[in-house]
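One chain comes next, on its own, written out as structure tokens in the form predicted on its own.
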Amino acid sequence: MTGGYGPGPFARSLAWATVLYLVLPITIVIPVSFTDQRFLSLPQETLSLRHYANLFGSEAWLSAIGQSAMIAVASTLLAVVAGTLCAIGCWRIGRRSTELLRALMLLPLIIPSIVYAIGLYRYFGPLGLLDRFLGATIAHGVTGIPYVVITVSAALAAFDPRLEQAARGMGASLSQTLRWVILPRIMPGIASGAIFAFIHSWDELVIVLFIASRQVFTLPRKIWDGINENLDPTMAAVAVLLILFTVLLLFLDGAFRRRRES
């Protein structure tokens, strides 16, 4: 420690109690996924992998996973390009008006998802984007932009502008400075924003319920329909894989953050 006082026993106990409160409901899904019953319950006699086998042998589940992955990748690319350009533009201008622009870019995080979904439904209808891959990609991409703007803006705040000035002084064009000086220095921030935008699209449900029906059937939509129709334990197996995948992405983001701080 560099100074001050560390957290006391009460603060540490409260922190661990909060962590357990948040994590415990998630961990319960793990034993449920290995149940030997045909309904959601804890294992009664033995552990079974039948529901994982059902997941990887079901065309409906695999199709939903594939659609979610394609939409998440496409929307992440859209969010990364738009969010990075917005953050760099605001950083380059450096005026008070750019703070308003950043605030506007954060609106998809501030406005309730259902309000945004209703607006998209009314807007996408005349454009023929309802229940279309392009419509879902645009919707998820726009809502993923704030994550990229936040992380890239944080990376740019630690960027030394003298590097850009040196590059321009040596004859580099604006595009060359952006490609060889600015982007490599802020790449950890871009990667972090991309990870969060991907997780957001992968888990998003409310917007899909409004703008998609049959042709676009993502994994969260499949889980939602499974909850409403029948409590198939396969959903628990899907949830476990989603948890592992999300944790892996968060560890990857942590690695990028440590690289950015170093």
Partner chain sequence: MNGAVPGHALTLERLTKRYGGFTAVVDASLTVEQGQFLTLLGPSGSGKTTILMMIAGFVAPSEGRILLDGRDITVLPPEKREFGMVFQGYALFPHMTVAENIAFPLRVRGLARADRDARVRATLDLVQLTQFAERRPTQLSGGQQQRVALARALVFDPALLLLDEPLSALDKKLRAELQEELKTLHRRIGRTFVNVTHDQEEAMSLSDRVAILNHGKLVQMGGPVELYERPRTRFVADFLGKSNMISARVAEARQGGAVLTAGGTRLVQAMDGARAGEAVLLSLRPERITVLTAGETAENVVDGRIASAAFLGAGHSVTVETADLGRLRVTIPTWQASVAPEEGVPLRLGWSADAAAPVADDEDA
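Fair warning: this is a prediction, and the values are worked out from it, not measured in the lab. Residue numbers count along the first chain shown, from 1.
There is another form of this protein, the form predicted in complex with the partner chain, and it is not shown here; the text below is about that form.
Among heavy atoms of residue 191, none comes within 4.5 Å of the partner chain in the predicted complex.
Taking the partner from the other structure, the partner chain in the predicted complex has a heavy atom within 4.5 Å of a heavy atom of residue 162. In the predicted complex, no heavy atom of residue 89 sits within 4.5 Å of the partner chain. The shortest heavy atom separation between residue 113 and the partner chain in the predicted complex exceeds 4.5 Å. Contact with the partner chain in the predicted complex, defined as a heavy atom within 4.5 Å, holds for exactly one of 77, 106, 187, 172, namely 172.
For the options 82, 166, 118, 154, the residue carrying a heavy atom within 4.5 angstroms of the partner chain in the predicted complex is 166. Residue heavy atoms within 4.5 Å of the partner chain in the predicted complex occur in exactly one stretch of 141 to 149, 174 to 182, 96 to 104, 122 to 130, and that stretch is 174 to 182.
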